[in-house]
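Read the single chain below, which is given as structure tokens and is the form predicted alone.
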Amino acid sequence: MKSTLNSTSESATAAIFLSAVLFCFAPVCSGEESSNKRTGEDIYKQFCSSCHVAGGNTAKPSKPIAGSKVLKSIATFQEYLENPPGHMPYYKTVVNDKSMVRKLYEYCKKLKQTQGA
């Protein structure tokens, strides 16, 4: 009886350990990256660059990101992302992560629209 109890106890301990390891490494295994390790440029490339190439705007070329009044403050930028106009997608992942918003805002503030973009 004693060997069965030890075996059961060891199995339970191993299961708890494995669960803890999987919990800690779930973001790594799923391909998610911590927002702390991502730069504003990384976030921009993932969520914005397909429509906002080089700080421009492919949907409305007359309203580029570079130099936009939406960038006058981080609060204005946050509000814009929370209530995107027209067909601009709502990115819950970004909006709900203040660190991502801050990094994206800082990156967008540095954008300079290139000629013809």
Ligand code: HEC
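The first residue of the shown sequence is 1; numbering continues from there. The structure presented is a predicted model; accordingly, all values stated were derived computationally and were not measured.
Keep in mind the form predicted in complex with the ligand is missing from the figure; the text below concerns it.
Contact check for I74: every heavy atom lies farther than 4.5 Å from the ligand in the predicted complex. Heavy atoms of R38 never reach within 4.5 Å of the ligand in the predicted complex, leaving it off the interface. When contacts are judged by a 4.5 Å heavy atom cut-off, S50 counts as touching the ligand in the predicted complex.
When contacts are judged by a 4.5 Å heavy atom cut-off, H87 counts as touching the ligand in the predicted complex.
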